[in-house]
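Shown below, as structure tokens, is a lone chain in the form predicted alone; questions about how it binds or moves come after it.
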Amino acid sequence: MSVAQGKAWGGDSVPCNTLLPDWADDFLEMMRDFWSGELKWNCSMADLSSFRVGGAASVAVFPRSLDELSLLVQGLGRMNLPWRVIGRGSNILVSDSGLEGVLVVLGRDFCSMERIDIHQREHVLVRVMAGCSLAKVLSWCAEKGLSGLEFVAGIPGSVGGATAMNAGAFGREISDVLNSVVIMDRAGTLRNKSHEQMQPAYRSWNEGPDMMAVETTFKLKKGDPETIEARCREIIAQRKNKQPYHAMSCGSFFKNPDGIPAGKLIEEAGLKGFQVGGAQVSEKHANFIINTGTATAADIVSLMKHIRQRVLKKSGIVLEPEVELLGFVNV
């Protein structure tokens, strides 16, 4: 480890007693010729995830363009540094020990949107970069009278994450309105795949762990703005009535096995309200694990394991997490 001296190049001010990884100087030198984005050393994952738990990432970087992201990915490959990409952190649980390596955050500079009119009169294409929140996309579409994404109302994720996990609700999925995706691989190479070239499945786009969605194009229908907004309000009201809408959580924690609601299985196992440390099975919806304010990542994982054991004993069904677990060993 090395000790930072004042202001680290390219990023925020770092206290002089902050220990940085041995590879910090080489990492900064690698990026010097192309990097204009922000970076944060020893970045708390609790600040970047909706669970509000987790240790620090060695460094978090915030690219500003596809070119910058591609050059960064290529450089990380040459340095053989571990790295991963996140958006709004709404579907991840990070270990209390944090993440080694580089965390690439697709944030505010990956939020552009544009409308593309096509020859079919009833359809419109909307191209969105991966860092844009679903809420922002939906609001923009509603204002312009573009229908099809109403089912994502109230989902707190980003477009990239929603595309990669084929997010869904109310009987619909992202793949239902997907026209194409721009995908970047671990070599920093971009390729455009049409919906017909993909094989999305339940909570998966089936593109493999080394691929990331950097831009998604949706195929939407023209509609009435007031009708679209009314439907969005209706869906959000349903969420607030049935789910712990404002709690610190990652939404549905487990996948629904073979169409059986995971929440029903957890409730039948008598676990509504069950708590481990500061982590609790929601009283409102049993497939939500919430941070009551003092939870650690270890609390949430312990509760997850308890739920899986009880449900297996009660129903013979093994629940699989929908939330991605990062930085854990043997979980």
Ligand SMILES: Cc1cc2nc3c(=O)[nH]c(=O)nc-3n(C[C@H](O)[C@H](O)[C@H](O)COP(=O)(O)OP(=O)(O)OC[C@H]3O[C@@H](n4cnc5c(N)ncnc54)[C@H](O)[C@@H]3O)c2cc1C
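In this text, residue numbers run from 1 along the sequence as written. Model, not experiment: these values are computed from the prediction.
Same protein, other form: the form predicted together with the ligand, not shown, and the subject of what follows.
- Within 4.5 Å of the ligand in the model of the complex, a heavy atom is found for none of L146, P200 and F218.
- Of the heavy atoms in R186, none are within 4.5 Å of the ligand in the model of the complex.
- In the model of the complex, F288 approaches the ligand with a heavy atom inside 4.5 Å.
- Interface residue remark: A169 is counted as part of the site for the ligand in the model of the complex, having a heavy atom within 4.5 Å.
- In the model of the complex, none of the heavy atoms of V94 sits within 4.5 Å of a heavy atom of the ligand.
- The contact with the ligand in the model of the complex, taken as any heavy atom within 4.5 Å, belongs to G251 out of G107, G75, G98, G251.
- Site annotation in the model of the complex: the residue of R84, R231, R127, K255 reaching within 4.5 Å of the ligand with a heavy atom is R84.
- Contact with the ligand in the model of the complex, judged as any non-hydrogen atom within 4.5 angstroms, is confined among 191 to 199, 136 to 144, 160 to 168, 219 to 227 to 160 to 168.
- Of all the residues from 199 to 224, those having a non-hydrogen atom no more than 4.5 Å from the ligand in the model of the complex are R203, W205, M211, M212, A213.
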